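A single chain comes next, written as C-alpha cells; it is the form predicted alone.
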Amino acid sequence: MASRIRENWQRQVYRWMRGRIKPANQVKLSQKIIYILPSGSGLVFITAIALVFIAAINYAVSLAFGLAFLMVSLFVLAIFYTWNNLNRLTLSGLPTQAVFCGEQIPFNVMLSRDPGRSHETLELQFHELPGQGQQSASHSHSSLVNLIDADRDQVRVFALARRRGYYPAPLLRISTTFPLGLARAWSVVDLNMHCLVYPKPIPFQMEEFTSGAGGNDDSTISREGNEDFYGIREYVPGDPLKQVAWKNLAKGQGMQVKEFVDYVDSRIWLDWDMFYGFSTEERLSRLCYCVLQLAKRSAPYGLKIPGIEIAPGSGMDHRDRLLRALALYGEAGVQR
C-alpha cells in the first residue's frame, strides 16, 4: 500500500513537472531553474555542527566556538560552489539513432560552457515516469561528465524504449555534489528529443513465406512451361512432337526439340494477412523480423499493410523505409 501511494505521488509530481517545464532544443541553466538541498553527507555535517556548537555553549570553550563557525562557513561555501558548478551550463539535444522496442535508447546531449568556466562531476540521468509494477525511481542509467579542458562535450544518456513509434525522451535531470559533497544541486529540463523506435522483432520459421523466392541476383526465376522460348536440346523419347524443331531436322541437324519456360517473379511481398489471427503489435513484430532477415538477401521484397504499400526493393535505405513504416503504423498525423 505504501509503495502504491508513493508511486501515485511520483506520477503526480512527474505530470506537474511535465506541464511546468517547456520543451526547448537548448537550455542554459540559471538561478531560476537550479535547485539545491543538503545531501546525506551534508545532513550529517549539519548535525556535527550542532553538536560542536552545543558543546561549546555547555563548556564555554572558545576553540569549539571557532570550530563551529568554521564549519558553518565551510558549509555555506560548499552550497555556493556546488550551485555555481551548474550555473551558466548549456545543454543541447542532438539527433538520436533509431532502436528497436525494448532496447536502451542512447540519447545524445551536448554540454557547453562559457569561456573561463569549468564544470566538474556532472551526473545526467532521465527522470522517467514509474510504470506499473516497476521501480518507483528509474535512475539506473546515469552518465558522468566533466567540462574542464574542452569547451563542450557530448554525452549519451540512456532510456528504455517502452513502445514503438516516435518515443519522446523523458525529463532530463542534471545534478552535482562537487566540490565537497555536502550539498546537491540539480535542474530538470526537457530538450525536446525524440527517437524512432521500431517494433520488437519476434523470430519465427519464415521459410514457408519465402519459399520459391529464388534467393539469387536475378529478378525472376524460371520453370518449365510453354510461354517463352528458352533454347533447343536433343530429342528425348516422349517429348511432344509439336515442340520438335522441324527446320533443324530438315537441315540435317538431327532430332531436336524447342524448350519453353515460364518466368516466375522472385520478388517477395510481406503482407499484413500473412499473420492472420495475431494482434496488431504481434503482426508488426513478425513483419519487422521478416524485413531484417530479407535485408540480408539479394532478392527484392516489398510491404503491404493497411493503408501502406511499398514496392519491392533492396538495400539499407529500402530496409529502413520499411522499418519506419512499421514503426509509425497507426500514428495519426505522421507522414511515412
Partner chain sequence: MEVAYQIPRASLQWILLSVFLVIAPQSIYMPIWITLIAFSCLLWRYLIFSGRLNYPSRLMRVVIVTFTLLVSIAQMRSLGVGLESASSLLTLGFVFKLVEMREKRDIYVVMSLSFVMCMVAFLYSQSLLISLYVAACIVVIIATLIALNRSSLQADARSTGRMALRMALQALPLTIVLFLVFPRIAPLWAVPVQATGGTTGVTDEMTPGDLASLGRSSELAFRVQFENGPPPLHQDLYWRGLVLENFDGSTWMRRRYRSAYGTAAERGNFQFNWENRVLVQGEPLQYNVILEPTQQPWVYGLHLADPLNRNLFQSRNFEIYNNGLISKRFSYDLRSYANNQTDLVLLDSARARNTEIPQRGNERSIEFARELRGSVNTDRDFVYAVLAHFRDNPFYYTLNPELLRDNRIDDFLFNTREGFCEHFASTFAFLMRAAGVPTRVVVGYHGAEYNPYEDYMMVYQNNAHAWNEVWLEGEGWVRFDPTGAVSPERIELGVEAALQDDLAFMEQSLFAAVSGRFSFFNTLRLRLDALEYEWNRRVVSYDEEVQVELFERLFGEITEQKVLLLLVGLASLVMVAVGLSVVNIGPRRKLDPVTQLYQTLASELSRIGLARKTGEGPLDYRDRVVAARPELAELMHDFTALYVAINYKPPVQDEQLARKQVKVLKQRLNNLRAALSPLRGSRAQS
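Residue numbers count along the first chain shown, from 1. These numbers were taken from a predicted model, which means no experiment stands behind them.
If you look for the form predicted in complex with its partner chain, you will not find it shown, but the lines that follow are about it.
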property: Ser187, heavy atom within 4.5 angstroms of its partner chain in the model of the complex; result: no
property: Partner proximity in the model of the complex: Thr90 to its partner chain, non-hydrogen atom cutoff 4.5 Å; result: no
property: Contact label in the model of the complex: Trp83 to its partner chain, heavy atom within 4.5 Å; result: yes
property: Gly40, heavy atom within 4.5 angstroms of its partner chain in the model of the complex; result: yes
property: Stretch in contact, per heavy atom within 4.5 angstroms of its partner chain in the model of the complex, of 299-307, 285-293, 269-277, 40-48; result: 40-48
property: Listed residue (Val76, Met110, Ile202, Val244) with a non-hydrogen atom within 4.5 angstroms of its partner chain in the model of the complex; result: Val76
property: Among the candidates Asn192, Asn248, Gln104, Thr121, the residue which, in the model of the complex, approaches its partner chain to within 4.5 Å (heavy atoms); result: Thr121
property: Neighbours of its partner chain in the model of the complex among 37-75 [non-hydrogen atom within 4.5 angstroms]; result: Gly40, Ser41, Val44, Phe45, Ala48, Leu51, Val52, Phe53, Ile54, Ala55, Ile57, Asn58, Tyr59, Ala60, Val61, Ser62, Leu63, Ala64, Phe65, Gly66, Leu67, Phe69, Leu70, Met71, Val72, Ser73, Leu74
